[in-house]
Every structure is written in C-alpha cells, then in structure tokens.
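For reference, the chain that follows is the form predicted on its own, supplied as structure tokens.
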C-alpha cells in the first residue's frame, strides 16, 4: 500500500486511486506520466518517484 492510500484510509477527506499507466494510456497522457510512481494532488501538485514519508507529505501539502 502506498503512502497516499494509507493517508486516504486514515482520513475521509482524502481519496487515492492507483492506476496502471499502460492500461489507461489516456490518463497517462493527461497527467504526462513519464515515470512511476507519479502522484497527482488536486490536479496541481505532481510528485514523481518514491520519496521518504516526510518529504512526500511535505510536497503533497504544498
């Protein structure tokens, strides 16, 4: 389970989806997926790659 999913499990205000980019090429193009994992927060914040928990949370909160 990714940290985004753990956050969604802990809070009803957070929703997380995992999508296989090769199975959904339209979404991969829409979000310009060039590497994985890629996390998109509220259509504005993009996090590429795996990060330590504290760095992920800092970036996700903007």
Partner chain sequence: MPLLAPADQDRLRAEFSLMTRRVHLLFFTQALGSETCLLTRQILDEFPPLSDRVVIDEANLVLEPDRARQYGVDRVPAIAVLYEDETATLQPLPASGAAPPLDSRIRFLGMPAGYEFVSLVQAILLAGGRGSQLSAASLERLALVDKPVVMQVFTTPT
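Positions refer to the first chain, counted from 1. A quick note: this is a predicted structure, and the numbers were derived from the prediction, not measured.
The same protein also exists as the form predicted in complex with its partner chain; that form is not shown, yet it is the one meant from here on.
- Within this chain, residue 19 lines the site of its partner chain in the model of the complex, having a heavy atom no more than 4.5 Å away.
- A residue is said to contact a partner when one of its heavy atoms sits within 4.5 Å of a partner heavy atom; residue 51 fails this definition for its partner chain in the model of the complex, lying far away.
- Contact annotation for 46 to 62: residues with any non-hydrogen atom within 4.5 angstroms of its partner chain in the model of the complex are 53, 56, 57, 58, 60, 61, listed in sequence order.
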